[in-house]
Every structure is written in structure tokens, then in C-alpha cells.
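The chain below stands alone and is given as C-alpha cells, in the form predicted on its own.
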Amino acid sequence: MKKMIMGLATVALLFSAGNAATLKVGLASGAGSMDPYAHNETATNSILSNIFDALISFDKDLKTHPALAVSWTNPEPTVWLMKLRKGVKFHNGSDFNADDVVFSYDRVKNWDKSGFKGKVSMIKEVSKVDDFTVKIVTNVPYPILLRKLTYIHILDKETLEGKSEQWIGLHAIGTGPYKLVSWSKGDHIKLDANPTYWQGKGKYDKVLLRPLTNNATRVAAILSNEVDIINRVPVVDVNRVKANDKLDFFVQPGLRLIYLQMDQDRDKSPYIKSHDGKNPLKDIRVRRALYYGINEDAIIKYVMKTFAKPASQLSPEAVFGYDPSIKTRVKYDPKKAKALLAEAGYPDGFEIVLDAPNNRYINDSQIAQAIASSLAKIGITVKVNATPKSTFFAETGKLNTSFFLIGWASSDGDASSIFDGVVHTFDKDKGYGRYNRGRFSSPKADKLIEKSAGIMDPNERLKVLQEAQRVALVEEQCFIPLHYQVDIYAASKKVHFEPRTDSRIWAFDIK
């Protein structure tokens, strides 16, 4: 396949091909796969939520609602009976039933490349009771089971059983409001309305999703009416967008934490040069020095143009697990940072490479450059390696990094998301720590994280989650929190668009 370089005129031609019933969305990031279990990544999850359904769904404010499951009971502390919706069909005409649910959960849990193992790690067994009833057994009483079920999109066993992972990664067959017509990775996704969707047919006959990863191209597309909605309005273009009387402008407090992970495992880290040849990041004094040495207030003011909120902890206030006692972020203090470096044996600092994506988060590469500039003032020489997200995630996933900027959103509204996926010690079999690419490990924090999963009383559970954060972040400096992103959108006044707390653009919501 030949690569095509498309200019704005070509983009305009593609977008104008639709009719009045076509919704056109310009996205800052595209889908990594059509396999809903391959990447636990917000951009991919958002796109695939238009094609697939889960047993439970969220509304725009993260409240749970029935989806493919119409009701449920919890007859024993570790047993849930889920009654399934009847009369639902997959996009290819196959009937939805309990066999599809059992097949889907088995694949999520046992496929070695599954990005969602941590979401089902507390599920012991999913079994069929009858065609429209499944029994879910958890290892311990599990208070947030319904929230975790929102992550697992249901696949068609009849079609997919026996198919290769490559085939599944290209063919999305769901029960959702829109069905896949075509996908050209990095270029476009075309969807048609599902006429038999159980909630009724969507307001738009067709949806065209196009990754417009270049900020200037994305803004030009919304300003010239070539798309109806864009996400991630660049902060430098906010005034231009707000000045256009044909557009609505939206600022939505986000769930995403932008933070730094560090190699805390290897004695010699591949992208660090220190006078003693050791990995200084294993020393908590060095990790704390980095925290004190980053001028986050300046990053928010000059890089983010105030469209971000300084982060003092791992989750924003909207997430269950937030600790009001850690409201204030560590104050920028280069003198204290230098003193900690000297105490750790690095008075002259060291050299390190900071990896970052350049097309995934708002101003990601610029944030990395600002961090490098800030740390230079405490004697640490930082070389920024900013690459496209496909390269960045592949390399950090192979642990081919020493220090990197990344983001995480607890999209189910519960802090267990970041604790299970990023903070807990890496455990391939149990699905813990899949995204803990700095290999931080704290047995004390692990114990608290696992304990929290089985506490049914919300007040008691909140205390344990808060304690886990104090251990991991405050006592052991697992990561360096920077800020919470603010989601910024622009939409034509011809469409009725309301931002969601989870950052998803769900076409069925849009009228």
C-alpha cells in the first residue's frame, strides 16, 4: 500500500463527500486497533465505543446504566447474576446471547496481549446459566464490579472464534449504534448507523472519524466547516476558535493526569549517564529532587496557557479515591532539589533522556522541553526524545526508556484504575501493573490496593485507597504528577454536542 500525503484540500474533499446526515469529527488521535481489547487507551476506547456495547454503560457524568445487561442481582457477596438484553443482534446479523459474554470475558482474561486484564483480575469465573443469564463469580466481594464491566466490549463468538488476532484487529463487529464500513489506519474511519440498535437508530446516518493529529490542520478543518466537531483545541488557538460566531467552545474538567514515570528497577538504566554508572532514579532522594526541580506553575502558565490544573495526586477530585489532605502540589524549590541531589551523591547531577509522545497529549513535547529546561537549573542535563505516539508506546511498552512523560485517565471514575494498572507491582498473570513501565514496586502499597478491591463499605474503602496513595506517592515517590488536562472542544452550532467527563465522543449522544 502506498502512503498518501494529504493536504488540506484533499481533506476538505473527503469531508464534503458526506450528506446532511453525516457527522464529521476531527480527532487529535486515532484508533490503535479495531480489536477492543488490544489497547486500553482513551482515544481507541472512545472510537470503539461507537461500534461496541458493554454489559454496563456510563452516561456523560460517569453514572452507570444498563446496556447489554438489563438487570443484575448480588445474591452472595462474590456472586453476581446478570440478566441479558433479548433481541439484540451484532452488526453481521448474529444473535447476542450469553455465549458471547462468556467468550468475551475469557478472551479479555486469557489473551496474552489483552490490555484489559487488570479490569477483570478480580473475576474468578464467568459462566452461562441460560441463553440470557450469566453468572459472574469474583475472588472477593467486589464493590466496583459494575464500573469495571463498562470497559469490556462484547464480541461475537460465532464470528470471531478461531479467527487470528490480526483478523480481529481489522474487523470490528459489535452491537453498538454504528457499524464499521471502512478503516484506513491514520486516515479515516467510516461508520454507518445501525438501523436495529436496541436504543433506536442514531440521529446521523453516517459518521466520519478522521485523525487530524496536526494541530493546525485540525483547527483549520473546524474553522472552515469541513468537520462538525474537534477535540483537543490547541491552547494557542483558543481565541481564534472562540471568536468564530459559527462555533461553540467547550472546556470540560478532565480526568487525565499528565505525569512522569521513572525506571526504578534496573541498577543500570539504558538512557542515564551518571558519574558512578548507577541508576540514580532508584534513590528516593533523586526522585524527590526531580519533583522539587520542576516548575509546574510556569508550565501551566506559559505552555498550557492556564488550560490545565496542577496535580498534587494521582486522580482529580471527580475520581473516587481523591484525598483532600493532599490538595497542594509540592512547591517548586530548586535549592531543596539541589540539596537532595547532593545528599544522594549527585551534586553535579547526571544526564538523562526524557521520552515523550509528540502527538498524544496536549502540548506533550512542549511540556517535555519545559521540564528539561527546568531540570537544567538543578544540574540535570535532559535530552528530550519526542516521537509519534505509535513509536512512544511501543518503546515504553518494551521498557526501552529510563524516564518518560505519559498520561492516565481513570475513566471509570474510580482510583483503582490507576492503582491496578500503573501503581501496583507488575504481575502478568494477575493483570496488575500492566502499564507500570518504570517498574515501581511497593509491597505495602500492593497490599492496600488488593485489600481495597474487596471492601464493600464505601467509606472504609475510601480510607484504604487514600492510604495506598500516601504510601506510593508521598512516602515512596512512585511518580511525579504534573497536571490534569482540561478537555477543550469546538463544535459547529449546527450540532448539539455536550462534552463527557470520560472524554469520549459518542456519536449517538449528538443531535
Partner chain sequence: MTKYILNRLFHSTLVMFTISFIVFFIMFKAGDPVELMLPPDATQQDVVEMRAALGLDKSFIVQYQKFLSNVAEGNLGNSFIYGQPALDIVFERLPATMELAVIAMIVSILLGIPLGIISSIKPNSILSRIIMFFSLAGISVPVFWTGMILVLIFSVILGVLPSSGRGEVYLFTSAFTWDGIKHLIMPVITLSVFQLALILRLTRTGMMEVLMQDYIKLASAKGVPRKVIVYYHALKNTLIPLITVIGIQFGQLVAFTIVTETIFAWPGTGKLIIDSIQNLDRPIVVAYLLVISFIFVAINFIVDVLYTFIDPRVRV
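Quick caveat, the model's predicted, so the values are computed rather than measured. Positions refer to the first chain, counted from 1.
Omitted from view is the form predicted in complex with the partner chain, to which the following refers.
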I need the one stretch from 289 to 297, 124 to 132, 81 to 89, 420 to 428 whose residues put non-hydrogen atoms within 4.5 angstroms of the partner chain in the predicted complex. 420 to 428
Can you check whether V238 is within 4.5 Å of the partner chain in the predicted complex, heavy atom basis? no
4.5 Å heavy atom contact, G118 to the partner chain in the predicted complex: yes
Is the gap between G186 and the partner chain in the predicted complex 4.5 Å or less for some heavy atom pair? yes
Given that the partner chain is not shown alongside this chain, does P211 nevertheless sit within 4.5 Å of it in the predicted complex, heavy atom to heavy atom? yes
Residue among S390, N74, N139, T196 with a heavy atom within 4.5 Å of the partner chain in the predicted complex: S390
Listed residue that, although the partner chain is not shown, lies within 4.5 Å of it in the predicted complex (heavy atoms), from P253, G345, G379, G169: G169
Candidate spot T217, A394 and R437, all three touching the partner chain in the predicted complex (heavy atom, 4.5 Å): yes
At a 4.5 angstroms cut-off on non-hydrogen atoms, which residues of 223 to 244 are near the partner chain in the predicted complex? List them in order. L223, S224, E226, R240
